[in-house]
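Consider the single chain below, provided in structure tokens and representing the form predicted alone.
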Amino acid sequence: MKAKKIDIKKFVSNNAIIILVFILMMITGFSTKNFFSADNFKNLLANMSPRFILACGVSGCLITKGTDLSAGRQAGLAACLSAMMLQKLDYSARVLTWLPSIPWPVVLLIVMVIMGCIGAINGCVIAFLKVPPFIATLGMQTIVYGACQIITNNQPLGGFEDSYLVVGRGVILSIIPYLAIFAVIIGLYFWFLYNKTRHGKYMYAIGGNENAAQVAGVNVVATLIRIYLLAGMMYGMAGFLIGTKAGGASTATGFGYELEAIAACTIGGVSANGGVGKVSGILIGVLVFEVLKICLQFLGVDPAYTFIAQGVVIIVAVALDLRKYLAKK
């Protein structure tokens, strides 16, 4: 039996961004101090964790040939709601003065339910009204942003309970942030959901050919609603973690996170053309995107140029994905 030959040219073409970022990481590591350090590794894990959870939520939308442009704003609203419910009772600028002290796990559950409801609305608009996901979620993005401004009165939120701050700043074995535990649990859950359940099979079937899936007996409407509902719950958890990591929240929290998530998914092989995607790929995509940002920071690149670099990566990632899709046809 002959060993399967590896097409090096095709491999390099399909993984160009990952290879380039790896080269950049090596250059940064050997030209700057403390890049390959425990503190930087801990910082990388802390930054990746909420973004990975958010990207997992977005991935289901992409696999079914949809998208969710409201992801970042939903995470921002979740961060603000978490902040409002977890401010210290004696904090002078406390917003909900009438609210008693609530344990952070209860707040997390409340926020996930609220965001899940918003996600379900997205799903219903897309499934029942047949509004294109791009338009439906773009509208929801604006609605959520406006609601966040009204709720917070455009004021920054701080003064969190110590128990909430520990979630974002605590570590295990001096190197693994508590945030990473949430990411691992969600990663394992999504792997099981995508690979071992009927929902996962339906999701990939819809992404491959929605009409054929419907003819085969897949309840497309119910599946789409579940996908966007679950995505909303993931944005709720991500926002909760973003708030505790930052130690504060505002209407600007979560800005642009949806684009990072879409780019990370695409880099990791989750095709925007539907039907393809793995949780391991999402993790790799998020890792690549975060390593890129950290490398540019260590190299002293102006933050404005960092945004330009991220934008280029997003465009190239989608272009490569489209190229692979056309090559298969």
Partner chain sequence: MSMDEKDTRPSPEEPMPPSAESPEPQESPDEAPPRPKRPIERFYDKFEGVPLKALDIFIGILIAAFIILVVLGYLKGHEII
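None of the values given here were measured: they were computed from a predicted structure. Residue numbers count along the first chain shown, from 1.
The same protein also exists as the form predicted in complex with the partner chain; that form is not shown, yet it is the one meant from here on.
The candidate stretches are 165-173, 252-260, 86-94, 127-135, and the one lying within 4.5 Å of the partner chain in the model of the complex by heavy atoms is 127-135. Contact between Phe11 and the partner chain in the model of the complex is not found at the 4.5 Å heavy atom cutoff. Proximity of Val301 to the partner chain in the model of the complex: non-hydrogen atoms within 4.5 Å are present. Contact check for Gly208: a non-hydrogen atom falls within 4.5 Å of the partner chain in the model of the complex. Using a 4.5 Å cutoff between non-hydrogen atoms, Asn273 counts as a contact of the partner chain in the model of the complex. Screening Leu193, Ile143, Leu109, Val220 for any heavy atom within 4.5 Å of the partner chain in the model of the complex leaves a single hit, Val220.
Shown without its partner, the chain has no residue in segment 170-195 with a non-hydrogen atom within 4.5 angstroms of the partner chain in the model of the complex.
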